[in-house]
Ligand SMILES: C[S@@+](CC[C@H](N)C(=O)[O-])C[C@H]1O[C@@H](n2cnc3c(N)ncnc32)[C@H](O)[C@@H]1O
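Below you will find one chain, with nothing else, as structure tokens; this is the form predicted alone, and questions on how it binds or moves follow later.
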Amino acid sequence: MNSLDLMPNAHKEEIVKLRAKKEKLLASDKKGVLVYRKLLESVRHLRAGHLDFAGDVVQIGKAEELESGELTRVEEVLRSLIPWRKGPFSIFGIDIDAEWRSNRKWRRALPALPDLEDKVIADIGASNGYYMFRMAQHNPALVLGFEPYLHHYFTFRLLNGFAGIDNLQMEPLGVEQISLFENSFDIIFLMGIIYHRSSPVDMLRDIKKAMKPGATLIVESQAIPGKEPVALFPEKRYAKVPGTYFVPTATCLRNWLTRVGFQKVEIFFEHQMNRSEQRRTDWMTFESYTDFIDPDNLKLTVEGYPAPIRVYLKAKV
């Protein structure tokens, strides 16, 4: 299945050219690409028999499907891809406890989702594809992940190389290219992305262009507490992240969506972030949530800003 086959848009030629440029990079011998490609090639012959995407843990394969040497090699490859940000996964019986307990986000979003069956879906900032695999349980026509970071892109390619799910595909593209897929998607997921954009309203306009009439947008975002329609703009960093720009209240984010022209905008979940949901593990050994929050006042970040909550919104075109 080719993702363009399901997308009646006016920019196919431009997308094909962009793909060709990306494919040339991915086939190059540049060190940053070659390392990932060699990892994938070392296990490309392996296919999983057991697949289960219905539970909190995305399961691809069982240990007994591989010989001991193959299982050792798979674990070496998986550990070479540390840090694992999204999860959890079980890959041929190897349990990957990722930094984020992404299953919690999925469970919160699930009651608000439209029917995913036979739908064309985009997952913007798809990371290693955890949510894409969870969507696969619902038999979509296609889930297209947008993920510009090669680490995440190649991790998904490894996982889906084992799983072999044809209706899950990923492009090494960012949200900057979403408007090229004009009038293409029935559902778009935008989870954990909007506060990393310096022009969030412009981004939402581009996303709206890519949606079919009647399509649904699911947004999950870091936010600050409060009912006023305001956004925090940190001087340098927010929770130690320099690439954070506008951190809105839920009301502010709702107003952005409304001003762009989305309909039936609904805030359907809010919760306080905590160290049990985002944390260091053996599969993500760098700084995490505990390091971002003032140890003497858990309501503040280390910079003195309000500590983050997470908010979930749903909107229609």
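Bear in mind that the values here come from a model prediction, so they are computed numbers and not experimental data. Position 1 is the first residue in the sequence shown; the rest follow in order.
Below: the form predicted in complex with the ligand, not depicted.
Shown alone, this chain has one stretch from 192-200, 206-214, 68-76, 90-98 that lies within 4.5 Å of the ligand in the model of the complex by heavy atoms: 192-200. The closest heavy atom approach of E147 to the ligand in the model of the complex falls within 4.5 Å. The ligand in the model of the complex comes within 4.5 Å of a heavy atom belonging to S127.
Within 4.5 Å of some heavy atom of the ligand in the model of the complex lies at least one heavy atom of E176. With a 4.5 Å cutoff on heavy atoms, R134 does not count as touching the ligand in the model of the complex; it lies far away. Taken together, the three residues K86, K105 and H152 all come within 4.5 Å of the ligand in the model of the complex, as judged by their closest heavy atom.
If you take 267-300 and check each residue for a heavy atom within 4.5 Å of the ligand in the model of the complex, you get nothing at all.
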